[in-house]
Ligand SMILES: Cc1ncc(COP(=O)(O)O)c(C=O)c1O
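First, one chain by itself: the form predicted alone, in structure tokens.
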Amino acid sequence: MKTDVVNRFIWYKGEIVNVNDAKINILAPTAQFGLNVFEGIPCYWNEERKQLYAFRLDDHYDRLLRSARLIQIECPYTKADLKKALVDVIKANEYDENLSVRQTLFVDGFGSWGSAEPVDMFVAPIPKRRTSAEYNKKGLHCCVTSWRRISDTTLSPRIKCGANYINSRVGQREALRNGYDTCVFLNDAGKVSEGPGSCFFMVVNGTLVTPMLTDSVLESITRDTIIRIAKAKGMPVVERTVDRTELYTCDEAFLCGSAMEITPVLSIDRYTVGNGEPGPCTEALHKAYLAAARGMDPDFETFVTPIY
């Protein structure tokens, strides 16, 4: 790494600049209303090959463009532009470690929450070890938050936009106030949805179970990856509606996301999950996920894009 994290280079409006020199108008809709869409793109360092791999890059860009379409802003960049910006800024920093790269389309200017332009972009890499605390824990103690997950009829979780994460914030802050690491949301129907910025899985009698996308769940790329890996390894997978009480009787549970990877849930509402330790299915899936993300699994080699 060429610089320390507080002086790292980011890509901003077509230039690579010191993060401290990137300025956004304080009255811009992105600053006032969270009018932006973004991706957190994981990149994994393969020490043996001296190579950094971006994980499922095209899928992240497809979702970014879907989010922009749904929130009704126009992306001024092609997918080739998006990729070049990410590669250029990583190379400028000379990173040789695992990263989470925030790539954000935002509405600038002097408009309001109803504005659709002007749209620009920044790309900001950060070492994974410097991301949020709950993303670096070996196991999580969760609660079911009293806040409900946003729904497709209010503020769709299908849109990965800055404003949506205030919903995650209120649940996370409640969990922290009450002595937990993080939380699990229920949807408007009172069924299990997901965690703050993460999807939920549980293991029941050897079967991997996760809520359906229509249960107020983000169309998570990590979720999709885990389902594909589990099926490839011969593990039964079921996507279905999950009741709250099932959280208290499952054999294993974990939350997952691009930054979080796969993190075991050790207890929910003080109910111990399994024996209170990371379960064998969870650990096996995490190991397989990391192998795929580092370009070490030939069955999933199309998932990775070399940076160098």
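Being a predicted model, the structure only gives us computed values, none of them experimental. Don't overthink the numbering: it's just position in the shown sequence, from 1.
Unshown form predicted together with the named molecule; subsequent notes refer to it.
*Asks:* For the chain shown here without its partner, which stretch in 159-167, 92-100, 71-79, 111-119 has non-hydrogen atoms within 4.5 angstroms of the named molecule in the model of the complex?
*Replies:* Every other range fails; the passing one is 159-167.
*Asks:* Among the candidate residues Cys142, Val203, Ala85, Leu218, which is the single one with a non-hydrogen atom no more than 4.5 Å from the named molecule in the model of the complex?
*Replies:* Exactly one residue meets the criterion: Leu218.
*Asks:* In the model of the complex, which of the listed residues (Leu266, Leu35, Cys256, Cys281) lies with a heavy atom within 4.5 Å of the named molecule?
*Replies:* Checking each option against the named molecule in the model of the complex, the one that comes within 4.5 Å is Cys256.
*Asks:* Thr182: heavy atom within 4.5 Å of the named molecule in the model of the complex?
*Replies:* It does not: once the named molecule is placed as it appears in the model of the complex, Thr182 has no heavy atom within 4.5 Å of it.
*Asks:* Can you work out whether Arg66 and the named molecule are in contact in the model of the complex, taking contact to mean some heavy atom pair no more than 4.5 Å apart?
*Replies:* The answer is no: Arg66 has no heavy atom within 4.5 Å of the named molecule.
*Asks:* So in the model of the complex, does any heavy atom of Ala175 sit within 4.5 Å of the named molecule?
*Replies:* Answer no; every heavy atom of Ala175 is more than 4.5 Å from the named molecule in the model of the complex.
*Asks:* Under a 4.5 Å heavy atom criterion, is Val192 part of the interface with the named molecule in the model of the complex?
*Replies:* Heavy-atom contact with the named molecule at 4.5 Å: absent for Val192.
*Asks:* Heavy atom within 4.5 Å of the named molecule in the model of the complex: which residues of 187-201 qualify?
*Replies:* Read in sequence order, the residues that approach the named molecule (within 4.5 Å, in the model of the complex) are Glu194, Gly195, Pro196, Gly197, Ser198, Cys199.
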